[in-house]
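Just the one chain here, laid out as structure tokens, in the form predicted on its own.
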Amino acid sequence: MRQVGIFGKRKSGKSALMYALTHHKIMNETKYRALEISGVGKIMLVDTVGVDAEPAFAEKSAESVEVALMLISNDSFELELSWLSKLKKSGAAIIIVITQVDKLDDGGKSLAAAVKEVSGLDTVCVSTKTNTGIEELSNKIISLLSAERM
């Protein structure tokens, strides 16, 4: 089964994002959620432990994902950026996700610009509370997985 990994620090919104993407409510501590995407097939979302908590587990998860979502929720993102090279080595396509933008004054725009400037990667700003950016993120995931099938 194809895998999409959700990476980030503890409390960055990994589990909430997984449930927003699958349209399920948070019910327990399940770390895997399978779903079917039209045109892509079955995928498994892997909700990893925080990269700041158990890096060895997160590194193992990084080895098997086709698409990696790197979540950044504040302007202290050096650790997340260091993970980008690990994810690139694994061959995963990377989407940087600015999370919890409902808590940021400008909806995450300045944080997204700062991350893009340092990483060179585009970002998607999301809020699981307001559902902001969830459809855009879903479309990017589908696009990457569809492109890999060709």
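Each residue number is its position in the shown sequence, starting from 1. Model, not experiment: these values are computed from the prediction.
One more form of this protein exists, namely the form predicted in complex with a small molecule; it is left out here, but the text below deals with it.
> Heavy atom to heavy atom, is residue 133 within 4.5 Å of the small molecule in the predicted complex?
Replying inline: Residue 133: no, not in contact with the small molecule in the predicted complex.
>> residue 10 versus the small molecule, in the predicted complex: is there a non-hydrogen atom within 4.5 Å?
In response: Output for residue 10 is yes: heavy atoms within 4.5 Å of the small molecule.
>> Check residue 123 for me: does it contact the small molecule in the predicted complex (non-hydrogen atoms, 4.5 angstroms)?
In response: Judged by the heavy-atom cut-off of 4.5 Å, residue 123 is well away from the small molecule in the predicted complex.
>> Test of understanding: in the predicted complex, would residue 100 fall inside 4.5 Å of the small molecule by heavy atoms?
In response: Heavy-atom contact with the small molecule at 4.5 Å: present for residue 100.
> Quick one: which of 115 to 123, 59 to 67, 86 to 94, 101 to 109 gets within 4.5 Å of the small molecule in the predicted complex, going by heavy atoms?
Replying inline: Among the candidates, contact is made by 101 to 109.
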